[in-house]
Every structure is written in structure tokens, then in C-alpha cells.
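Below, in C-alpha cells: the form predicted on its own, a single chain.
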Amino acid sequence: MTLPTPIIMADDKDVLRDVWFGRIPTCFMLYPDEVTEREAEPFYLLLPRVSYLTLVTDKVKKHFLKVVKAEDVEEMWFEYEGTPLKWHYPIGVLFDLHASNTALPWSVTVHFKDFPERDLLHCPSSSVIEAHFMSSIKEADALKHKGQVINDMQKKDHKQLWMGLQNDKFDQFWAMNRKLMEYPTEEGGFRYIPFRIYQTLSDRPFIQKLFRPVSPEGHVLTLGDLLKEMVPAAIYEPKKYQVVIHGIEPLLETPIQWLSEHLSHPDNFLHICIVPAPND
């Protein structure tokens, strides 16, 4: 099977770079009930798609703490149109899942009270984000290489992956991450593809099952093959759903192995959002 032509034309390193530097213009507003002595001005920020809300919003916190009474300050959390935003999902996934067809800037509400215990995990420090991020990478590598690549790395290599993400350093991150993307040529891909499929219209957090990039007969499997098996409605009712990865709708004929290598988030998972198609 040949790759879709647009992919052959694109330089793969450019794809990785475009994914890494994807940004979402966002307007943060304080929840009206929490405004105090003076009015809280909104705070605008370009959020990196591949990062986590709690990792990149220190400036947001500082901005709003100026107007909130100290005794009212508990843990900061975010919501969009009544839905609490899970900080342990990458920012791009949150946007694609909840807001992909809305006008920009993305309007996010900031809270310092009434933490929604049933909906969100607590995030007291960046070490919690780092632990979550590293456990995702280890889980992905267990699927790809039985964990052999990540386990062969030293602690400083793990730290380099985390610091690359935390400090938004593309080259620092990819110098190490490329090792996690290698596989023996004769195998044609990873052992299994680390993916998660999220659906706006589902109570289930996400779908994650074992899926190989090559069929037993040696055929290259595609995004369409994955969806056919996991969420057939996304294929058979195309007018009803959009399949979104990093804010774009990839061709269903794209090999899933290529997507895994180039459109995975830094946590090494391919995050796929299935959202209702806009009613034009």
C-alpha cells in the first residue's frame, strides 16, 4: 500500500515540528462568583497543544490571585461551558473534544473554589504532572517495544523527555524521543499502536485496546481500519462525526503506524477525538 500523496510530499521533521508548535489562543476568565474587590480582567494566552493545563497556567494563576480573597483560594481548576477540564489530558485533546467547532479564542473559566472531586484529579505540584507523563510514556513503550526502550534509558534520559516538554524545547525532547519511535524494519511497525479514542457523546473516558499496525497477512493497516474496529459509526456515518487529531482531520487511508510516529503527543499516545460534525 502506498502512502497518501500529501504525506510523501511533507518532510516528516516538519510534521513533528508543526505538531509540537501547535497553539490554541485562549481567553481565561474568572468565574463570576469569585470576583472580589475589583473586576478581574480576562487573561489571554497561547496554549501549547501538546502540554498540560496545569503546567502552563502559572501566569493565569498569578493574574487572578491579585483580585481573589486569600481565604477563598483553594486549588485552581478550569471548566469550559460547564464541563470541568481534565488536566491529565493534553490541552489539544481537551480543545478538540469539547470546543473544536467554536470560534477562537477558546473561552476557559477559572475557579479557585468548589473543586469537582468526582470529575478531576488533584494536581498539587508539577511533580504530579511529571509522574503522569512518565507513566504514559512507559505504558506506550510497553505496547510498542515491551518496555525495552524506556527501560534501557537512564534516569537522566527520562528527565530529558520531561524537561523538553516542560520547557517547550523541541530538539531536546526529540533527541531522546526518536529512540521510542524506532522499530526493526522487517517488522513494519510497532508491536501495538498506543492510541486512545475519545468521544464527545460518550460517558466512557476513552477506548484503548490492542491494535497492530500490520495485519497477519502483512497488509499495512490504516486509521480507517482502526476506526472500523473500534468505532464503526465514525466510518459509516461520516456526515454525523468528525475524526480529529491535533485539530485536523487526517485521511482515513493514512497508515496508523505513520500517524503513531508523527502525530502522537509527547506522552507517545495517538489521541483521536470523535466529535459531532458541525451543522453548517
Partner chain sequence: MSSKNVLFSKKLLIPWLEKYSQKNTGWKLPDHFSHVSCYISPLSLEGSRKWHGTTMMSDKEGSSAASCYLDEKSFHLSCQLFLQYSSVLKDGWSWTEFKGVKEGYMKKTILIPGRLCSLLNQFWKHKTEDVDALVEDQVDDDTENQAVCENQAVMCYEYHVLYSCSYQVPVLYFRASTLDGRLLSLEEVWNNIRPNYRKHLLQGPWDTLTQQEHPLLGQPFFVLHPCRTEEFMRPVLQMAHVEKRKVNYIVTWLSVMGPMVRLEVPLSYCTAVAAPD
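Positions refer to the first chain, counted from 1. Computed from a predicted model, the values in this text were never measured in an experiment.
Not pictured, yet referred to below: the form predicted in complex with its partner chain.
For the residues M153, L180, L97, L143, the 4.5 Å heavy atom test against its partner chain in the model of the complex is passed only by L143.
Of the listed positions (S135, S107, T200, S126), a single one reaches within 4.5 angstroms of its partner chain by any non-hydrogen atom in the model of the complex, namely S135.
Within 4.5 Å of some heavy atom of its partner chain in the model of the complex lies at least one heavy atom of L120. Residue contact with its partner chain in the model of the complex: F112 places no heavy atom within 4.5 Å of it.
When contacts are judged by a 4.5 Å heavy atom cut-off, F78 does not count as touching its partner chain in the model of the complex. Contact check for T83: every heavy atom lies farther than 4.5 Å from its partner chain in the model of the complex.
Contacts to its partner chain in the model of the complex (heavy atom within 4.5 Å) from stretch 195-211: D203, R204, P205, F206, Q208, K209, L210.
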